[in-house]
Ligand SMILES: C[S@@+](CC[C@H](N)C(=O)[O-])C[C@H]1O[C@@H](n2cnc3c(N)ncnc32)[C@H](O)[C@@H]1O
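Okay, so here's just one chain, in structure tokens, the form predicted alone.
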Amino acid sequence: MPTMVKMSDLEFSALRKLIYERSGIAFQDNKRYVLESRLARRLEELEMDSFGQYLQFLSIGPYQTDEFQEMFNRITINETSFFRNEPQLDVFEKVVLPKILEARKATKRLRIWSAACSTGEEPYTLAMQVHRSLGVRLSDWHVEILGTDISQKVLNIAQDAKYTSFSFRSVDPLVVSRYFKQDGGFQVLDPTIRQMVNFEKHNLKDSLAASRHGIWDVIFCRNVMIYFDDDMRKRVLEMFHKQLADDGVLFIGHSETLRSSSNLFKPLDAPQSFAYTKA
């Protein structure tokens, strides 16, 4: 069995700088082993015996863009499921959505952005909730739900809209039977819900690309900012503030906080919502 390639201080410093510059994700000193262990197999596949070689491949090789994508897929954990953190989603469906729909009844246009959506469970969950809320009125509305992620690999899975039982570990079986159809070992999403969501590759560092999409009524960005340092978090929150409607709502992960951006956002007055409006 081959020995795992070790990463020197200089190699770790250069690799985490490269990752931060391209994605905004910050690997602290105590996370060297994460990069080392998750990329050891990749070095083996590429028949490389040092992280120095790998850094060259990532920086100046002809496949540097493709390889950065491959590396990113290996060093991030795309942990998600349908109806994840249900109390928060209840606030979205029962408190936020009715207010937004009432405010938009003249234009009948609803826009939701699911940032860092991974394999698509979150935006599809939101689509199901909108579908339930609007019911027969859905055909009268123009509903735009966009799921974005830095990884093309997870977006391809999202676009297929086929999921294993692992994605439904906290879902009411009635919801599954209503919106999915069994096909072998997969549950295939109903085309009505599938067509409500579009997917696009997007790096949260790219505020210019975000601005091209205009203003959103609701933005979800959950469990991503924990990977950012203070500077990157500030930049992303400024971007969300700019792209959010004046009466819009931002939802974040339950382990995240916007205390450092209290001048931009204020908490929504709803228990377990982890939601914010513009200050």
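Everything quoted here is computed from the prediction, not taken from an experiment. Start at 1 and count along the sequence shown; that's the residue number.
What comes next is about the form predicted in complex with the ligand, which is not displayed.
The chain is drawn here without the ligand; in the model of the complex, the stretch among 170 to 178, 99 to 107, 202 to 210, 132 to 140 whose residues come within 4.5 Å of it by any heavy atom is 202 to 210.
This chain lacks the partner; the member of I150, I112, M128, L189 within 4.5 angstroms of the ligand in the model of the complex by a non-hydrogen atom is I150. For the candidate set I25, L258, L18, A270, a heavy atom within 4.5 Å of the ligand in the model of the complex is found for exactly one residue, namely I25. Looking at V249, you'd find every heavy atom of it more than 4.5 angstroms from the ligand in the model of the complex. Using a 4.5 angstroms threshold between heavy atoms, I219 stays clear of the ligand in the model of the complex. Put simply, R194 is far from the ligand in the model of the complex: not one heavy atom of it is within 4.5 Å. Using a 4.5 Å cutoff between non-hydrogen atoms, Q182 does not count as a contact of the ligand in the model of the complex. Site residues Q159, K162 and S165 are none of them in contact with the ligand in the model of the complex, judged by any heavy atom within 4.5 Å. Contact annotation for 118 to 142: residues with any non-hydrogen atom within 4.5 angstroms of the ligand in the model of the complex are S118, E122, listed in sequence order.
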